[in-house]
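One chain follows as structure tokens, the form predicted on its own.
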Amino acid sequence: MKKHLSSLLQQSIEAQQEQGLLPAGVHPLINIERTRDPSHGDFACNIALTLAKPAKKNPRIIAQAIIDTLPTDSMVSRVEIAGPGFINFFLDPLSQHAIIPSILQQGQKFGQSNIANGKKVQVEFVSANPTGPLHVGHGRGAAYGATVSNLLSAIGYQVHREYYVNDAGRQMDILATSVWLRYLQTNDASLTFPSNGYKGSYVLDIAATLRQSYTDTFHANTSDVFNDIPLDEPVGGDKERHIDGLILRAKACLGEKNYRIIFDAALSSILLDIRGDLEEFGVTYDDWFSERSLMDKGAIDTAITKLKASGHMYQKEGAWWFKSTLFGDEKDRVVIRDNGQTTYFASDIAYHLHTLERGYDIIDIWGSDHHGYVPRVKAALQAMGADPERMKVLLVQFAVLYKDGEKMQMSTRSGEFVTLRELQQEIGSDAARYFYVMRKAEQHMDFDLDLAKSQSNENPLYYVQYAHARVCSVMRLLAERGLSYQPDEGLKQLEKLTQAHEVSLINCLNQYSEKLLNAAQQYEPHQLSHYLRELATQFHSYYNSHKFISDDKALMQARLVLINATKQVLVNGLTLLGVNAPESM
């Protein structure tokens, strides 16, 4: 409808220009918005105010001239001037009915478009270090990333969903060392576990599996293991130097082969759990991209060579630094440490360059604590000759879970956290997915577990799903009474849908495609969840005020067509959010 009204306005403006009433060569952007107040019509346009300056005329005079030369259209009942020069359009209510056959004909594809024209984009999300199970904080990024991917696909993007596996680096070494120490602890209970190690029960499980499979293969004398290792923090030492010393000792005691067995066992076990949890959550990926593969392919060396060739790297104190301050960063960043090892930053810039070279634009979904990391990665891409504007980072605040009014902890290192698996077992995947995307991703979120479990109108998901279930209940009742649904007949009787509740519901259905497009282009799934809540509200009001099965067969079929169109839009929206539409509740 916006495009249609824009076309009418454009024809009027061109007619004004031909008559010399408006300056030729001016091509103003026609912006049409839905009105918030029905008394102001259905749509409003500020084009007269935009033209006032170049035309050197009062905007109300311009608005009147545009209205006078506006082509007659059966969809528009009247046009009025409001305020300083807004043009308000009042649509013929019957013209809005055309949305109903469109919904029924297009079915699951209703609302989708090809605006992006197949443009390739990679959405990288979650990508939590495989050092422990996913917790409820990661769940928000998973729900958000999966839904953004669905929305982009719905408007014509070719979306590649990717999980970047950090299977190299210090945190993974801390995990492997933690597993080995737990393995040793089964023979020496006096071993003091490092304060900076991973303490979750999953580490004990991995260690027990290694003990069962390899018996004493990885045994070492614990007094030798801890000999000359820097003291830990609880006894007056430095926890970082302590764990780094233990990592080096583990590699020395075990040798490369056995250390890699423990490392890979820990990685495989945790990755298997992460994959399983995400699949249960309805989140799947096209690729699980290994950081280690960047090293194997020489991609990191290639990126570093490009940075050096660009003149944006220098050596200091044995390390190689990237001149990120030239691009607005607060300080320069280490790319190669003084021991010759590359940093996480080196891997990240190589990964992003590699993705761009594969032909994808990039959407990264990161935790909000990574906001300072964004400009330095973009700076490195720019320094290597890539376009940093092809990379977009969407930041997500971690959700804080509350149960019985108590805040629940989520620390992976300490092992005291609520896993995503436990959350799904508690409230189900549907509630978790929906609640995670109800608010802007960058806003702080308190996840009310008790509300998510409640079966009441206060629970927004229940309220939306119940609307779908109510339509299904009407159709079951129809069959029980020996009556049939005849959509072709109902479509012929749409002019009978003139009640206020029907007009409001039909107007809401007309907004779905626009809401979907806005949600996708602005990366804001909450817009779609808010729309579904409004659609459910309109439907429940209609349901509570009118009978759908009646002796007036023509009216009955028209109403059945309307509620089944509503059902289809509810299904389409919930599907994009990764949520089911139950037939009974």
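All values derive from a computational prediction rather than experimental measurement. Quick note: we count residues from 1 along the sequence shown, nothing fancier.
Keep in mind that the form predicted in complex with the RNA is not shown, yet the notes after this line are about it.
Novice: Which listed residue (Lys109, Lys257, Arg358, His371) meets the criterion of a heavy atom within 4.5 Å of the RNA in the model of the complex?
Specialist: Spelling it out, the residue with a heavy atom inside the cut-off is His371.
Novice: Only one of Tyr344, Tyr214, Tyr485, Trp288 gets a heavy atom within 4.5 Å of the RNA in the model of the complex. Which one?
Specialist: Exactly one residue meets the criterion: Tyr344.
Novice: Determine which one of 299-307, 67-75, 432-440, 117-125 lies within 4.5 Å of the RNA in the model of the complex, judging by heavy atom distances; exactly one does.
Specialist: Contact criterion met by 432-440 only.
Novice: Might Asn166 be said to contact the RNA in the model of the complex, defining contact as any heavy atom within 4.5 Å?
Specialist: Although the RNA is absent here, Asn166 would touch it in the model of the complex, with heavy atoms inside 4.5 Å.
Novice: Taking the RNA as it sits in the model of the complex, is Lys56 in contact with it (heavy atom to heavy atom, 4.5 Å or less)?
Specialist: Contact with the RNA, no.
Novice: Mark Asn88 yes when one of its heavy atoms lies within 4.5 Å of a heavy atom of the RNA in the model of the complex, and no otherwise.
Specialist: Residue-level check for Asn88: yes, a contact with the RNA.
Novice: Indicate whether the RNA has at least one heavy atom within 4.5 Å of a heavy atom of Thr35 in the model of the complex.
Specialist: Contact check for Thr35: yes, within 4.5 Å of the RNA in the model of the complex.
Novice: Just give me the residues of 304-318, first to last, that have a heavy atom within 4.5 Å of the RNA in the model of the complex.
Specialist: Result: Lys316, Glu317.
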